[in-house]
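Let us start with two forms of the same protein chain, each given on its own as structure tokens and named structure 1 and structure 2.
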Structure 1
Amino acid sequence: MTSRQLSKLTARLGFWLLVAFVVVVAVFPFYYAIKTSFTPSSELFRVELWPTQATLANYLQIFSQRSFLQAIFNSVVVATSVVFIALLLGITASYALGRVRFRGRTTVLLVILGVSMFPQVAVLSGLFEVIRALNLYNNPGGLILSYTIFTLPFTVWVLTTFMRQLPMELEEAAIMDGATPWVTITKVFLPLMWPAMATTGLLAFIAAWNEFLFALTFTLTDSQRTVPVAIALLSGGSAYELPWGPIMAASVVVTVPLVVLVIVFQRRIVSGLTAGAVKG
């Protein structure tokens, strides 16, 4: 074996070792959560690849709690509403920013992008006052409003980039046929924007589904809380006990749907995120 072949073999081996390391680091927390969710409380601290006495008791415990089921319903309602509002506003805004020429268009886009860079903690107190003034405290509307504020900038940015790549001839033909801007958006551009819409919609859904800080601050009762807060507030048999089994079971329940969605829409996510990256 020549030195050149040896160096290629070494480089390939190093690459696959690096891939294996990244995969283990990324997958191990999810594997540990699944393992713990099937482990009885008496065996939680034993070092095993899989529990010797696997049980569904942790899953039965969380599904027997009405507050957890209510939290799942609240999360679905809030996340779905955020996606719908963000896409509706994002599509109309992307048409104005991507197809209509006006002074300050680039400045508006930079301002929109800059808004998304603010950390949640920086605007928490001011947003709390706004939500309280609107009488949306302890109400799903408060979460929908706050989540939309943070997901809309990314949605507008991605959809605007995608909108700019659509052929101008399509819009000109629609105008010649007497189509209004709304008809042009819904009948001409909308069918072509599914990759970008799938990307932004799914990322907005994941962000709203997993958000914790606003959900903890803007809700008060179990009937209005979302899944992340409900999981964090799971209690054990005493004030000094952390119910790791039910917590991990609940985490698996709320994570699996997101994993399935990402796997199903992964091609659209990649094509949507790379839209506008290459011209021609």
Structure 2
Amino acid sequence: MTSRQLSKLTARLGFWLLVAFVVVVAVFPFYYAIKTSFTPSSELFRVELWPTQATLANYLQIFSQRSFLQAIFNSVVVATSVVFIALLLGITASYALGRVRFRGRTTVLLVILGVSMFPQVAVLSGLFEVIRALNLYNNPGGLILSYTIFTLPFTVWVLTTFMRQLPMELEEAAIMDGATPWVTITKVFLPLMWPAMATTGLLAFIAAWNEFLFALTFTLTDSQRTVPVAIALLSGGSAYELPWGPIMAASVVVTVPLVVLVIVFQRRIVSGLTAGAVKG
């Protein structure tokens, strides 16, 4: 073997080692959570890479808790409603911003961009007051309302980018036929926007599903909590004897749907993320 071949071989080997390293670092914590969730609590003190015994006890325990089931239900309701509202308001707003040239358009776009940069804490006390005034404290409705602060700007931004790319001729034809803007949106653009809406909806769903600060602050009782808060508070008050088995089981339950979504819609998510960022 010549030295040239040798160096080529080392380069290839190094590359594959790097790939392996990246994959292991990315996947291992999730794998280990799954492994822990199937380990009986009596075996948790033994640190092992591979499971030697498997049990469903941790899963049975969390699913027997009404509050956990309720939290999953709340999360589904909140995230779905947030997606629906963000898309409804986003598609009409993005038509206005993407297709119509009017005075104040740039200002509106800048305001939206500014809101998406808001630190959530900066509105916490003001939003608390609004939510209490609307009688939505300790109610999923308050979360649905407050989550629009981060899903709406993002949705509008990405949908506007997509809306701009649609061919002009379509709209000209609609205008020539005397279609009103509302008809143009629902009959002409909506059918073409489904891919973009799926992408943004998916990203909004993930963001709402994962949100923690508002969910922690604007809910009080177990029956109104969402999943992230339920998992964070599973740890209980004491720093000792954390129920790691059930915590990991709950973590796996709420994460598996997301991981499946991400793997199935990989391409879509990547295009949505970059579309949102390239314009930033």
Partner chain sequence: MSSPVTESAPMPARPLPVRYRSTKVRRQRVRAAWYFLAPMLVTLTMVAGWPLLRTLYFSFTDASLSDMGDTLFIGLENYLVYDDGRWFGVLADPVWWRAVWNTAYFSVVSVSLEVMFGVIVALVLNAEFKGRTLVRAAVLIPWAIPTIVSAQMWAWMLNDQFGIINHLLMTFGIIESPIAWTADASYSMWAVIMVDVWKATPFVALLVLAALQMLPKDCYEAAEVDGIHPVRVFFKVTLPLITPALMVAVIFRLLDALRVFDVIYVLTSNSTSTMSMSIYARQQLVEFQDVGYGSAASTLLFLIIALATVAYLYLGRKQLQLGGE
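Values in this document were obtained by computation on a predicted structure and should not be read as measured data. Between two forms, the rigid core is defined as the largest C-alpha subset superposing within 1.5 Å. Throughout, residue numbering runs from 1 along the sequence of structure 1.
Participant: Looking at the two shown chains, say which is the form predicted alone.
Facilitator: That would be structure 1, which is the form predicted alone.
Participant: My question is whether V256 is one of the residues whose C-alpha shifts by 2 Å or more between the two structures, given a fit on the rigid core.
Facilitator: No; that C-alpha moves by less than 2 Å between the two structures.
Participant: Relative to the superposed core, report the C-alpha shift of L17 between the two structures in angstrom.
Facilitator: Looking at the C-alpha of L17 between the two structures, the offset is 3.5 Å.
Participant: Could you state, for a rigid core superposition, the Cα shift of K8 between the two structures in Å?
Facilitator: Its C-alpha moves by 5.7 Å once the cores are overlaid.
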